[in-house]
Ligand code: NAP
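A single chain comes next, written as structure tokens; it is the form predicted alone.
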């Protein structure tokens, strides 16, 4: 947008609660300016589902190219779209919406973002791997779909409640083909499953807030594993710290955020613009995180 907002400037944004911590506005606006895409990306804090319905209704008649959806509305958004891509249906969650002539088309770019970031950041390919997937919500569904498409040999869903994990497993198993999908309750018995996995993925929000523990104890992880936290913070997450303390290779969700954001931009602005935006998005996100960490250090 070259720093100018005109009568032709389009809109994009992120819906969630809260959203003030999101890096998406910084990332997307930097990418739009770099690509010459006449659009501005704004945070859209929505406190409850009643307001979500109102906001989505307004978006239909405003000049939005699309929007992202974050917690806690990824699963609710499925029912508010006019059309939902098959991968999002399988995942049970929508995180990216394309606005086309008043219609809302839902996608899920989280799973692709996770797999793309693991390949780029640590050289991990899911083909033939065993995975312990912690969580059973929308983020876990997206991760599971992409791991199945990536031909992981086995994915074990590790969750506090068996019922929600079984529901996710049952939804995906008919499409799993080469991937075995298992379920285990997140208790002491899960330690053996997690320790045996090639990759551990955290798809819960635990560790996002200051003072929260790691969703997986350090003693359940080991050297040689790849550990991926789908959340990110200015400082390493508790899971990343715990994994590194035992010699595992650990990454947070920043690479995934960038990859899914670039994929969203491909949907809204065209494949060439989205593909060229990744480095710009990554640099903008890292600069913003560094600035937040510096501010926190000044206050402490």
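Since the structure is predicted, the reported quantities are computational estimates derived from the model, not experimental observations. Numbering follows the first chain given and starts at 1.
Beyond the structure shown, there is the form predicted together with the named molecule, which is absent from this document and is the topic of what follows.
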Heavy atom within 4.5 Å of the named molecule in the predicted bound form - the one residue of 145, 77, 132, 230 that qualifies: 230
Among the candidates 219, 89, 164, 153, the residue which, in the predicted bound form, approaches the named molecule to within 4.5 Å (heavy atoms): 164
Stretch in contact in the predicted bound form with the named molecule, which is absent here, among 196-204, 124-132, 174-182, 99-107 (heavy atoms within 4.5 Å): 196-204
Proximity of residue 260 to the named molecule in the predicted bound form, heavy atoms at 4.5 Å: yes
4.5 Å heavy atom contact, residue 66 and the named molecule in the predicted bound form: no
Non-hydrogen atom contact residue 191 with the named molecule in the predicted bound form at 4.5 angstroms: no
Contact flag, residue 226 vs the named molecule in the predicted bound form, heavy atom cut 4.5 Å: no
Non-hydrogen atom within 4.5 angstroms of the named molecule in the predicted bound form for each of 71, 137 and 256: yes
Residues of stretch 208-223 in contact with the named molecule in the predicted bound form (4.5 Å, non-hydrogen atom): 208
